[in-house]
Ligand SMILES: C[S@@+](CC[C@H](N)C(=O)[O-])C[C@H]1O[C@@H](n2cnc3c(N)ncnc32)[C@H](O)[C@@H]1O
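One chain comes next, on its own, written out as structure tokens in the form predicted alone.
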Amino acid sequence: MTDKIKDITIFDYGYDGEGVGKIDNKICFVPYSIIGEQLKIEKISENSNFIRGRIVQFDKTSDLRVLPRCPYFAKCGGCAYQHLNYEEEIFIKKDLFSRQLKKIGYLGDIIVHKSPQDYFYRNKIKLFVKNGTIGLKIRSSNNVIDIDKCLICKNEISEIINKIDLFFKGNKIYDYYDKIEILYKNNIGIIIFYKNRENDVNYQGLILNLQRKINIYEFYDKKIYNVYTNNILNIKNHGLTFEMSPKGFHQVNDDVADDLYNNILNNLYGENILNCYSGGGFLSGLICKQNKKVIAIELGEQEHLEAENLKYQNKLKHLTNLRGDCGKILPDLNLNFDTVIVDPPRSGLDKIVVSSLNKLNYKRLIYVSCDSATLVRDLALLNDFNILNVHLFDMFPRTGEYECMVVLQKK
């Protein structure tokens, strides 16, 4: 055995779903491994704290191991759990979240909201274009693996990927592009081509070959251009109507997103609501439909415009959309609220926002997060709250990620 090839027994899981073992008393993370497995691994990287390894041989496999459905599993960096059944994946995610919450003294229940589908659920994908290849990035690499389908995406997206690849191949235009984003909702597709140079491309052949309602955009020099519109993507959901913009943020799992919104609504207290990091305004609109008053804060210009359009399109008189940084607006917001909602980016809340939340006059806080580590870090800094309930929403089955929500009441 070479110095890089080592024996290891997996005894735990890391927060990205990888197996954990030890080599020479140093923690080693091994993707796609299962507790109890005995492996030979190759060291991929090492620092003073831990090692990252790659499986080269199974000496003992777990009875829990199943055959992955996707031919690209363990090659692309997207999925983490296809070697386990869905119930085991949910068990691991809940256990990892529970351990993080114990750091702040929470030992109560976690309500788990599973996805109705663990495959074919995603309505959106980001692809990369490199060296004549359209695909996904290889785990821990900037190299791209060629794919013709993604099993966690809707089938229509895989069909679109194949037709884009044929179009690029026939026109020899791979080098013009860096990325491609595809969104498919309500039987309408949006494709955004990220170009690295200014030139004219005739998409007529692609449009004819797609044979479905599709809108095409190009993104170049920090601007987005409408190339072809077949049908504006208007969404009707929960009694709201809004137009979906190509660059707006939207949850990738429609079923779990609906479950999340319903649970936020069910946990609201009172009539006056503050919605921080409010995005395109969909949640704010849902709350207004319950005859509540909402002040919403969002930094992004495009998201703010979407929220304003949604407000006027649905005649939401009790919605006020403020554009700006929560850290700058909250300290000067001398108003009383019943419930405050925060849904920050992965980095969580900055210190000014935490300080403002501790000083604001309100009864209930609903914290929605896509990163449980920063959520727990922030909860430890929020004073005078009791946790009422905790939720895990499996928004991203087969990956190491999930959405979570904690409802808190002021003491």
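Here the structure is a predicted model, which means the values were calculated and not measured. Residue positions are given as counts along the sequence shown, with the first one as 1.
One more form of this protein should be noted, the form predicted in complex with the named molecule, which is absent from this view; the next part is about it.
Partner contact region in the predicted complex: 272-280, out of 236-244, 69-77, 152-160, 272-280, criterion any non-hydrogen atom within 4.5 Å of the named molecule.
Residue contact with the named molecule in the predicted complex: Y217 places no heavy atom within 4.5 Å of it.
Although the partner is absent here, G300 is a contact residue: one of its heavy atoms lies within 4.5 angstroms of the named molecule in the predicted complex. Using a 4.5 angstroms threshold between heavy atoms, L136 stays clear of the named molecule in the predicted complex. The named molecule in the predicted complex comes within 4.5 Å of no heavy atom belonging to Q82. The partner is absent here; in the predicted complex, the one residue of D221, D258, D325, D175 having a heavy atom within 4.5 Å of the named molecule is D325. Only one of E42, E46, D343, D371 lies close to the named molecule in the predicted complex, with a heavy atom inside 4.5 Å, and it is D343. Residues from 239-270 that approach the named molecule in the predicted complex with a non-hydrogen atom closer than or equal to 4.5 Å are F249, Q251, Y261, in the order they occur in the chain.
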